[in-house]
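Only one chain comes next, encoded as structure tokens, the form predicted on its own.
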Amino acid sequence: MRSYGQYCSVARALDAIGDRWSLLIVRELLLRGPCRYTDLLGGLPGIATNLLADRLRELEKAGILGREQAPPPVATALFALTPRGEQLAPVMRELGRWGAPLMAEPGGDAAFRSRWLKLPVELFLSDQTPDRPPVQIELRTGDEPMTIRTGDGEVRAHPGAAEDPDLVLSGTPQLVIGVLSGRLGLGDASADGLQYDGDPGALTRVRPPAA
């Protein structure tokens, strides 16, 4: 890891986390909790195995993550953020907020994992009518289903299918994100290939007011 050699808090922070892939490793650990090396490798499409090993060592040396031995039958090392590493959560949220407008551009053949939706869903969606019964929206895009749930005035996302969804959205990540954000109406998205089943009113429940 090379240093900027500057006595500045921003430069020092970038000395620790500014290398390519470092913040994406932090993203995976924030989203998934403790992970095996193979979990991280699968969640970071495009990274070389030796580079991942190097970045893990550097982040561990910087006190951002640590490793622990998982109990049997797993019996392998798990990587997890330290308290110092968990302090990067608001940094990641603000990076996600800043980068959200860039998601309007076509994704092309860029890799996608459905769990990456958790950050924008919880950042930008809110329960518009929290006094009404909760709703569930199942998203079928990427490698596994994701479920959005309202509750206590908040919107939360987690991996897995919903038991009894009010609405199911199926399509490409760009279409699903466009509909959730309000940039695309269901009619336009359907014409481009989005499929939905259930009550479209569930979208109104969670979309930003300006949608």
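For every residue, the number given is its place in the sequence shown, counted from 1. If you're wondering where the values come from, they're calculated on a predicted model, not measured in any experiment.
The following text describes the form predicted in complex with the DNA, which does not appear among the structures shown.
Using a 4.5 Å heavy atom cutoff, Arg36, Arg55 and Ala77 all lie near the DNA in the model of the complex. With the DNA omitted here, the record of contacts in the model of the complex names 36-44 of 36-44, 138-146, 174-182, 154-162, defined by a heavy atom within 4.5 Å. In the model of the complex, the DNA lies farther than 4.5 Å from every heavy atom of Leu186. By the criterion of a heavy atom within 4.5 Å, Tyr196 is excluded from the residues contacting the DNA in the model of the complex. The DNA is not drawn, but in the model of the complex it has a heavy atom within 4.5 Å of Asp19.
Taking non-hydrogen atoms only, Arg67 approaches the DNA to within 4.5 angstroms in the model of the complex.
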